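Subsequent text provides C-alpha cells for two forms of one protein chain, presented individually as structure 1 and structure 2.
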Structure 1
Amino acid sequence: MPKKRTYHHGDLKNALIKAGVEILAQDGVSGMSLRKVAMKAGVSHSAPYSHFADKQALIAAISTEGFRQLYERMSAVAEGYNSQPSKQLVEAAWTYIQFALDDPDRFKVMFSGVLEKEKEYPEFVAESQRNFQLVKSIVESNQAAGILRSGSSDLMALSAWGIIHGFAMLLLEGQIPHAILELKSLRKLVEFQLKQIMLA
C-alpha cells in the first residue's frame, strides 16, 4: 500500500489545488471529485475536507488563487510603466497572454463558468473584481493621455479585456491559423489587437 505523504501547514491545500487543476484539465468538472483529488495528491480520502467543504469550494480556491497570481503579475507591470500609459497597456496585455500560456489549465478553469453561486465565495469575487479594476485603471490612464477614446471606462475596459482574452483563448485552443502565427510574433499580434481600439 502506498505511503501517504505528510505536508507542512499550508502545503496540503496547495497540493490539493494543484491536483484539482490537473484533474479538471483532463477529465472536466464531471470527472472531478474530492476523493479523486485526494488520491492524486497522495493523501487520505478525508484529507481534502479539512480545507474544502465540497467540489465547488475547491474550484473556487483554484480560481481565486489564479486571479491572485494574475493580479500580482499585471499590477507589477502596471506600476513599472506608470508614466507610460500606452506601454503600460501593451505590457499588461502581454503579461495576460503569458499568464495564460504559463498555466493554461488553471486559466481555463478561471474563466470556464463552472463555479456555481459565485457570491458564496467572497474571496473569489474580490480577486476577480480587483483584476477588472486594474484593467479599468490602465484604461483610464490611456483615456487621459488621449490614446483610447473617452467615455465609460467600464465599457472600454470590457472591450480591451474582451479583445485580449479572446485572443488568449483562440491561442490556447489552437484556433489561430498557422499562416498568421508565421506572419508575426505573438507579441506583435497582441500589439495589433490593441491598435484596433487605440486612437493614435
Structure 2
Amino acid sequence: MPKKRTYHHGDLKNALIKAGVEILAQDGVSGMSLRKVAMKAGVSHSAPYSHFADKQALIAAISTEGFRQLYERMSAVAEGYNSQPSKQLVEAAWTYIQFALDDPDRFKVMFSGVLEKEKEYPEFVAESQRNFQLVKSIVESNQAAGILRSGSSDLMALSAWGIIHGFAMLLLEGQIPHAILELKSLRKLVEFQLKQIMLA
C-alpha cells in the first residue's frame, strides 16, 4: 500500500480529481461545487487552492484525466482489432458511445464547453490531440483497406469523429426521437451512422 507521502494524506491533488469525478456522476455538472469536492476529500473548502488555481483548473484536470481514460479504452480496442479495419472502426465508435453513456456528466464536462479557456491547459490540449491521432490512424487503416474514401485523413478523421460525436451529444441531450430509439438497438444505430460514411 504505497500511500501517505506527507503528513496529511499524501496526494490531495489526485484525491480531489477522484472526488470531483464521483460528485459529477452523482450530482451532475451543476451539482459539482468545489466545496463539496473538498468535503468529500476530507479537507477544508479552501484546501483545493493549494493545488488548483481555481475551479476551472480542477475541471481541466478532470477533463484531462477523462481524455486519458478514453484514449486507453479506445487504443485497447483498436489494438484488439488491428487486422480487421472495418471492425476496428465500428468497435472504436462503440467504445466512444459507451464511454459517453458510462458517465454522461463527465463527458459533457469534457466536450460541452464547461471548460472555458482550454488553451490555457496544455495537458488537456495534448490528451485531446492524442485521441485525434488515434482516430486518424484507425481511419488510415480503413482507407488503406478501401473501406473509407481516400483523401486527407485529417478531414476523414474529423468526419468519422464528428458523426459519432454528434450522435453521442444528441443521445445525451435526449434529442433523438423515441421512435428511432425504439426502432433499433443503440449498437445498430451506431453501425448505421458509420455505414453512411463507408463505401458500399
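Under this definition, the rigid core comprises the largest set of C-alpha atoms superposing within 1.5 Å between the forms. Residue indices: 1-based, along structure 1. As the structure is a prediction and not an experimental result, all values here were calculated from the model.
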(request) Structure 1 or 2, which would you say is the form predicted together with a further copy of the same chain? (result) 2
(request) Since one rigid part pivots against the other between structure 1 and structure 2, find the hinge residue among Ser63, Pro48, Ala160, Tyr96. (result) Pro48
(request) Treating the chain as two rigid parts, note the angle in degrees by which the smaller turns against the larger between structure 1 and structure 2. (result) 31
(request) For Met39, give the CA shift between structure 1 and structure 2 in Å, the superposition being done on the rigid core. (result) 4.3
(message) Could you tell me the distance the CA of Ala25 travels between structure 1 and structure 2 after a rigid core superposition, in angstrom?
(response) 8.2
